[in-house]
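Single chain ahead, by itself, as C-alpha cells, in the form predicted on its own.
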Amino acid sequence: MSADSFTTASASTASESIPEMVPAVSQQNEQVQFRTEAGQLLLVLPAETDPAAGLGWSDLLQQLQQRLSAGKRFWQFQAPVHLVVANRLLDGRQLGAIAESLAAAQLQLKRVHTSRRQTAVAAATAGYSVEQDSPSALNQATAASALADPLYLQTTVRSGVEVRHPGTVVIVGDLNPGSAVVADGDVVVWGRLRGIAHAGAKGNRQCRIMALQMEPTQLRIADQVARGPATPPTQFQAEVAYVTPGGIQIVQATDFSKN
C-alpha cells in the first residue's frame, strides 16, 4: 500500500470521531453502585484497596443481583452499561456472570473501565470495549510523560469494540471494521488492521502504527489523520505509518527500518 493512496487531514476536520472517555468516578463506602454520569449508566464496583470493600466475589455478585431486582429503576431497558472496576481483578468467567446478571435485568454490558491489565485482557477477549487507566498518577511531572506498560491482546477485536490504553497496544489478531484501538503509545496489529487505529492519542507525533495487513477505516497519529483507500489493495506486506511534515505516510516495514 503506498502513502499517496491515503488522504491526510487534521483531526479537527475528520468526519469520524472517537468517543471521549468516561470521567473519573470516585469510590464511596457503598459496595456496588449504579449511577448515571455524562448521560451514561455506570455500574461501579469497589476497589480492592478500599477499606470498606471487604466482600468477596460471590458476595459482590449477590449484591449486584439484589440491586438489580430491588428498588426503583432509573434506567431504560437495554441501556448500555459501563462497568467501572478500578483495580479489582476480574477474569472472563466473572465478567460473564456480571453480563448475565445485567442481561436478566434487560441491560447490556458494553464497556469495562479498569486499571488492571489482566482485567483489560479478559474484557477485550470476551468482546467488550475496554478503557484501561494508569493505576496511579504517581505525580503530575511523571504522569504527563510516562507511558503505561504495553497491553498485549491475543484476540480479534470485533466490530463495535473499542480498546483504550495509556501505553502501547499490541494485538495478535485482527482489528475488524467497526472496531477501534486508542493508545497513548504505538499500535501494533499482528494481523489485518481494518478498523480505526489511533496512536499517540495524547499528542505524541513520534508514535507509530504497524500492521501485517494495512487496510484501515482510519488511521490517527496524534492530531494527524489518514483515511483508507476506496479500493482495497490486492497484495500486502507489513507496513508502518508515521508522521512526516506532509502528514501521515505509510511505508513497508523493511523500508522504514532502513531510516
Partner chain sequence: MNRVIVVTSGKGGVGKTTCTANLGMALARLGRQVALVDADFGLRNLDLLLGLENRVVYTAIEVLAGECRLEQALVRDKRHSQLVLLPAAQNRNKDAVTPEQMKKLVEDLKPKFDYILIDSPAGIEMGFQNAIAAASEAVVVTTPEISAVRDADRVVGLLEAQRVEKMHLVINRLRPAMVQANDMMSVQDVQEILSIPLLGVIPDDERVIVSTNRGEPLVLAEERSQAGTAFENIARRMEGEKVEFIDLNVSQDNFLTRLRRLFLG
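Think of the rigid core as the biggest set of C-alphas that the two forms share within 1.5 Å after superposition. Residue numbers count along the first chain shown, from 1. These numbers were taken from a predicted model, which means no experiment stands behind them.
The following text describes the form predicted together with the partner chain, which does not appear among the structures shown.
Visitor: Does the partner chain come within 4.5 Å of any heavy atom of G167 in the model of the complex?
Guide: Because no heavy atom of G167 falls inside 4.5 Å of the partner chain in the model of the complex, the answer is no.
Visitor: Taking heavy atoms only, is R158 within 4.5 angstroms of the partner chain in the model of the complex?
Guide: R158 belongs to the contact set for the partner chain.
Visitor: Within a 4.5 Å heavy atom cut-off, is R220 in contact with the partner chain in the model of the complex?
Guide: No.
Visitor: Please determine whether D149 contacts the partner chain in the model of the complex, using a 4.5 Å cut-off between heavy atoms.
Guide: No.
Visitor: So which of 220 to 228, 202 to 210, 61 to 69, 40 to 48 is the stretch with heavy atoms within 4.5 Å of the partner chain in the model of the complex?
Guide: Contact criterion met by 61 to 69 only.
Visitor: Find the only residue in T125, N87, N176, Q94 having a heavy atom within 4.5 Å of the partner chain in the model of the complex.
Guide: The option sitting close enough to the partner is N176.
Visitor: Within 4.5 Å of the partner chain in the model of the complex, which residues of 186 to 203 have a heavy atom? Give them in sequence order, or say none.
Guide: The stretch 186 to 203, when checked against the partner chain in the model of the complex, contributes R192, R194 at the 4.5 Å heavy-atom cut-off.
Visitor: Quick check on A105: with the core superposed, does its CA move 2 angstroms or more between this form and the one not shown?
Guide: A105: C-alpha displaced by 2 Å or more between this form and the one not shown.
Visitor: Does superposing the core leave L95 with a CA shift of 2 Å or more between this form and the one not shown?
Guide: For L95, whose C-alpha is compared between this form and the one not shown after core superposition, the shift is 2 Å or more.
Visitor: Classify the change in Cα distance between L95 and R192 in the model of the complex as closer or farther, relative to the shown form (magnitude of 3 Å or more).
Guide: Relative to the displayed form, L95 and R192 move farther apart in the model of the complex - a change of at least 3 Å between their C-alphas.
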